[in-house]
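The chain that follows stands alone, in the form predicted alone, written as structure tokens.
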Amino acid sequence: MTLLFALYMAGLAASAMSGALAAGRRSMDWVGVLMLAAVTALGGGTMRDVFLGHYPLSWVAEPWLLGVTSGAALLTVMVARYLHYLKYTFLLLDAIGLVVTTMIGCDVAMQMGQPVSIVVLSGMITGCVGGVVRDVLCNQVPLLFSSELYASVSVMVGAIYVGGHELGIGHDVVTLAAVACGLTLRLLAVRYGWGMPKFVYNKDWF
């Protein structure tokens, strides 16, 4: 098992758990919990594959991914009352998931021969869109559209990852650099509340 694959599994489970927790906050039944967990963890990759015409979809080609998300969701239900003790571990796993899924999305687009801009965008879609779908289904403003540094971290990771490959730098070096920069920026943003500028307009003129 490679390090990247292990990190992907950890991030996938963390994403699924965040979906299950969101379902729990809205008192959803077991079907809702399992579905929201799967959508959160796999929705970004699904949307990427649809946009790129990359078939079969990742979870169709590898159905065991649904088993991972379902297992993480059921685990969340069983240990939900204790998860607040693991807040920082959960934030770390979520950050790892964002970084790793972004790179995996970039890999898929690069293998298809897409231009650099589409590769970076594919990485961002893979890393972020699952959370957007989760929030929309839960009837709340998606985290992606708030000022928090999330999508911007994904774009930076994608740019480093793709740029390194374009420059001919070794794959392992590029991967480590992208992971280090992405995790550092995301965790510092959470710690210090860094965010993007907001557009606030309260005038009612029409």
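Start at 1 and count along the sequence shown; that's the residue number. Since the model is a prediction, treat every value here as computed from it, not as a measurement.
A second form of this protein, the form predicted together with a further copy of the same chain, is not displayed here; the remarks below concern that form.
By the criterion of a heavy atom within 4.5 Å, Arg26 is counted among the residues contacting a further copy of the same chain in the predicted complex. Contact check for Met124: a heavy atom falls within 4.5 Å of a further copy of the same chain in the predicted complex.
Not displayed here, a further copy of the same chain is kept clear of Val162 by more than 4.5 Å at the level of heavy atoms in the predicted complex. Residue contact with a further copy of the same chain in the predicted complex: Val157 places no heavy atom within 4.5 Å of it.
Contact annotation for 120 to 145: residues with any non-hydrogen atom within 4.5 angstroms of a further copy of the same chain in the predicted complex are Leu121, Met124, Ile125, Val132, Val136, Leu137, Cys138, Asn139, Gln140, Val141, Pro142, Leu144, Phe145, listed in sequence order.
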